[in-house]
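Quick setup: one chain, the form predicted alone, written in structure tokens, and binding and motion questions come after.
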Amino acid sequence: MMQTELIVLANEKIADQTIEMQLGLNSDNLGTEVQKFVPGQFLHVKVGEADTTMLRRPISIADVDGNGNITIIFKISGRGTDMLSKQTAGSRIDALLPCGTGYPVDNLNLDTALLIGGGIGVPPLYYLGKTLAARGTRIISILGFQKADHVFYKEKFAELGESIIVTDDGSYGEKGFVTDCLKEMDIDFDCFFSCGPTPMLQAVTNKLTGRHGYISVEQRMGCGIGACYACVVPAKSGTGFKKICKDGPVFAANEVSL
């Protein structure tokens, strides 16, 4: 992990209250290191100096390109993310990176991967899907959003393979929740990967009990490096807790209790 300044290359609203930001490196020497970032890892971004924005914001890595530029996608949900959304090209952002434990892609040999994302949990699944697809894995994606103007990256996921969009109100794609698709469709896959709100992760893991899979748990954090114990989740073994920022945010589906 390193602390460095990233340079804002581009900043675009891609859905309601949802920002896609391209970040470049302040040194060419870091490009090789960024190429080693694992899907599911995140940046811990400093957004201000005032008391209300003292804590860094954890934002998942949505993509890394061949030059080592990083894409993040975040939803404006408070003063910190609103400040971040106003950063313009050329601005510099202090970030810890990469943080957390990502998906174990180097240890997986899959024919078909099922990606299940909800809302702002969708971005890290794009980098994961892109990485697995480059290795010849068939990608099936089920992506859930609240309504039509919240939908983003539908074309990018469609480029990876079969992609199903669902919205709560049916204003885009299928009406319902991602678990409705799991119930209605007989999808053959080797491993599932899910990221999104905790209720969605609970529903997905309950529906897919006994199947090989991984979940990414999203939660506000303190230090982001495993020192403060502000973001813990009970281990399913009943013996202690797991730190989301350090042991996760990616866990085996049967590793933690949500």
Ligand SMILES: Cc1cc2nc3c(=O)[nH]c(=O)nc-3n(C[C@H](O)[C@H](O)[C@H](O)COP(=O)(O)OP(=O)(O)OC[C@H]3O[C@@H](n4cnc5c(N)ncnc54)[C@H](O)[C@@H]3O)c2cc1C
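All of these numbers come straight from a predicted model, not from anything done at the bench. Residue numbers here begin at 1 and follow the sequence given.
Beyond what is shown, the protein has a form predicted together with the ligand; the following relates to that form.
Participant: Could you spot which one of G102, G129, G80, P98 gets a heavy atom to within 4.5 Å of the ligand in the predicted complex?
Facilitator: When the ligand is considered in the predicted complex, the option within 4.5 Å is G80.
Participant: Of these, L201, V233, V64, I59, which has a heavy atom no more than 4.5 Å from the ligand in the predicted complex?
Facilitator: Partner contact (heavy atom, 4.5 Å) among the options: I59.
Participant: Is F74 near the ligand? Define near as a heavy atom within 4.5 Å, in the predicted complex.
Facilitator: F74: yes, in contact with the ligand in the predicted complex.
Participant: Quick check on M221: any heavy atom within 4.5 Å of the ligand in the predicted complex?
Facilitator: Contact with the ligand, yes.
Participant: Looking in the predicted complex, any heavy atom of I120 within 4.5 Å of the ligand?
Facilitator: Taking the distances in the predicted complex, the answer for I120 is yes, it comes within 4.5 Å of the ligand.
Participant: Is F42 a contact residue for the ligand in the predicted complex, using a 4.5 Å heavy atom cut-off?
Facilitator: Answer yes; at least one heavy atom of F42 falls within 4.5 Å of the ligand in the predicted complex.
Participant: Could you tell me which stretch in 120-128, 89-97, 153-161, 134-142 has residues with non-hydrogen atoms within 4.5 Å of the ligand in the predicted complex?
Facilitator: Within 4.5 Å of the partner lies stretch 120-128.
Participant: At a 4.5 angstroms cut-off on non-hydrogen atoms, which residues of 231-255 are near the ligand in the predicted complex? List them in order.
Facilitator: Just P249.
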